[in-house]
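Only one chain is shown below, in structure tokens, and it's the form predicted on its own.
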């Protein structure tokens, strides 16, 4: 049996808060049901990771968030990714427990696009949200999903109508510096048929005075012929345990592309899954992480093929230093009837310390004959021949190491769709590989 997490709120207080915020009755009921289930369910069972030994006891308390009309009224650390002289046209800033600022261009609003906080979406588009909220990730799955159903706070709702193509990236920032605040955002993206969008979010934090659990869920619905590019960079303090589920539901000829940069300093569990439901659907997932200190990481990337002629590709690159530990799982599942499916995956771990540990576990689960599937995995140290070659050209050992490591991570870093965030991710990598210090200092 798993060690039970202490429930941070009782059923009556959750219902009272939900009604005071004028949430629809179906959401109030979902919250109550989630907490009821949380008292019965166990923590997820992760491969080679005892998550029940992690510090999961404090999920924070909901704190009302003050809305601002100008992002510059928020702490500078929360907006450092922005060029405040030219704010993005489509921007949402989640500060501590809720959304403090949101902006959608008039042009996209006139075309039926919705981009706002989850709370605002419940008020203005309740039935639309109801059709999708916790539809891919069920509250019954485990203790964490049940707790999220009951206690989620803030997040973003992005809806793209049929045939609407958004050329400019839509950006969200999630920042926390309140040690008592609940940090459990829910991101819901719905791309109707033949639409397209690039969504980018970044997570950051101050240095908290106590340990806090982030319990976040992202659901992405890709309708026929739609395309969603999803990029996320995470850089949370070591005082935060990050628990993140991301899941995409892809219909006929739809496409989802994930780019994830795991630069946290605390223990982290990340599960990014594509459900290829429709024929001709596809997914591409690129994930990088850098482990440092005594950090423990469990990173799972998964593609499940249901439709015919579906394609999936997964690349994970991990760099481990100090005494950090990472379990990297790549799972390709091809269901019976998914003829013509093609699933490929690669996991590579680069070890920079003899005390670090990295496991790369490629897994193929094939229930159909007429398919293609392949995998590659490696765990090793910096290639001595590459290092010698660069040093023989007059490059110092330290600089040669950097070049090799950056080249190792480049297939993911180069895919970030906003150059400013790409530069930020490069900086986070350099900081995590340099002297041990907080990346937000």
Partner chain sequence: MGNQPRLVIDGLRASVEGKEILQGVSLDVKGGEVHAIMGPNGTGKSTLASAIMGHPKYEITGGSVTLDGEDVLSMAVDERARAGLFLAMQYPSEITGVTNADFLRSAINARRGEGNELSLIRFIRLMEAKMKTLEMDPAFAHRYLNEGFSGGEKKRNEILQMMLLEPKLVILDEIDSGLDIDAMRIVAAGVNELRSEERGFLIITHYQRLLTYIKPDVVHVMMRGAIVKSGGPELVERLESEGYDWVKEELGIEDETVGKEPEVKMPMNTIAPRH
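In this text the structure is predicted, and so the values were computed from the model without any measurement. Residue numbers count along the first chain shown, from 1.
This next part talks about the form predicted together with the partner chain, which is not shown.
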Check each of 392, 381, 57, 378 and return the one that places a heavy atom within 4.5 angstroms of the partner chain in the predicted complex.
392
Just one stretch in 25 to 33, 406 to 414, 60 to 68, 368 to 376 has heavy atoms within 4.5 Å of the partner chain in the predicted complex, so which one is it?
406 to 414
Is there a heavy atom of residue 50 no more than 4.5 Å from a heavy atom of the partner chain in the predicted complex?
no
When the contact criterion is heavy atoms within 4.5 Å, does residue 397 count as touching the partner chain in the predicted complex?
yes
Any residue of 35 to 63 that, in the predicted complex, places a heavy atom within 4.5 Å of the partner chain
none
